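The chain below stands alone, shown as structure tokens; this is the form predicted alone.
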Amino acid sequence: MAFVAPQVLGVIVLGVIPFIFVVWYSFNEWRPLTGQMEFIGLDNYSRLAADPTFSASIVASLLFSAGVLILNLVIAISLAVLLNRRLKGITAFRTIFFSPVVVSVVAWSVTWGFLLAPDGGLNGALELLGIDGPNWLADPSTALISLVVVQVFKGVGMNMVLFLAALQSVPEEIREAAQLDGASPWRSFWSITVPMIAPTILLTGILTTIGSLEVFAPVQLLTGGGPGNTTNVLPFFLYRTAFISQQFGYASAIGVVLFAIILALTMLQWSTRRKWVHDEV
């Protein structure tokens, strides 16, 4: 108890207590700059239900999260399989793919801002091929996809490392037995490797989903929630409502709904584990 006490205290002081205050503020109209606070019950939640910007933010958040989750896991598993070999120089490649994880998210986003600009590096490369590239961050059809790519390349290295550790824990004799029985590498991967790394897939899936629903800095630095509301994800909508519009009670209601969405999706993923996670009871 003595060893875990600092962590428990930190969670209570920095997590539980602030969340209780946020829930309370969501039932009030609170303007801290003027010191005004008025209890209004469920009015903030009723307003959310009728707010088209809030509905658009939910759609943007869910689309962004789905895109990040699928791409991140597919790329991370693929990289882990490719890098799970005893080859000369393989450690250097692992380091290269992991390095974006330790880069500041602000520096990462600014760099991608230059790459995705109308006259940036990506369109410059496309121009060499005779292709007229779009304005990636200002076009409604490409803005959200661009943010997904930025987020995936930033965090895929962490999941790659987790999958590498999981792959190295798969007994080699089981793979060899499958080869002796005539199983192809593809069949061996799906029938042996995937079931045995399923706990890691579950863990990375939950963590990636939570992280994608909390994204803020790339949106702030690259698109500002636009064009329109195509990238106006819930954390950015919350920020603008609280610190631009000074509607802290309404913003608190947005925060509570965001927490409920994250909790619901986490519980949904956790509830499916017995159907596909190896040795889960």
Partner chain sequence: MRATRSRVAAITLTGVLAVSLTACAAGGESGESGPVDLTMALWSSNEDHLALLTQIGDAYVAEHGDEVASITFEPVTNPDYVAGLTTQIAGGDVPDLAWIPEASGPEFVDSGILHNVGDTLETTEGYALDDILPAALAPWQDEAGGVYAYPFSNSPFALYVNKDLLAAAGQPDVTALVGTPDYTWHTVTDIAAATAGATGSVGLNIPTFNPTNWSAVTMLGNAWGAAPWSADGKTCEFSSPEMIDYLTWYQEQMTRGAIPPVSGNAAPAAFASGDVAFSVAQLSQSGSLDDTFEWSFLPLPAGPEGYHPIVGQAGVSVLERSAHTEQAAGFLAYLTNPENAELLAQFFPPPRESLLNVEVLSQAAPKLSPEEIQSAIIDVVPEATVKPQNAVLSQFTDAVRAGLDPVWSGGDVETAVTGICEQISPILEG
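Positions refer to the first chain, counted from 1. Computed from a predicted model, the values in this text were never measured in an experiment.
Separately, the form predicted together with its partner chain exists; it is not shown, and the next lines address it.
For the three residues 1, 221 and 248, a heavy atom within 4.5 Å of its partner chain turns up in the model of the complex in every case. Contact between residue 28 and its partner chain in the model of the complex is not found at the 4.5 Å heavy atom cutoff.
Interface residue remark: residue 264 is not counted as part of the site for its partner chain in the model of the complex, having no heavy atom within 4.5 Å. Shown alone here, residue 20 lies farther than 4.5 Å from its partner chain in the model of the complex, counting heavy atoms only. Not displayed here, its partner chain is kept clear of residue 49 by more than 4.5 Å at the level of heavy atoms in the model of the complex. Note on the partner interface in the model of the complex: the residue among 177, 126, 165, 138 having a heavy atom within 4.5 angstroms of its partner chain is 138. Residues with any non-hydrogen atom within 4.5 angstroms of its partner chain in the model of the complex fall in just one of 188-196, 152-160, 89-97, 116-124: 116-124. Along 208-244, residues 220, 221, 222, 223, 224, 225, 226, 227, 228, 229, 232, 239, 240, 243, 244 each place a heavy atom within 4.5 Å of its partner chain in the model of the complex.
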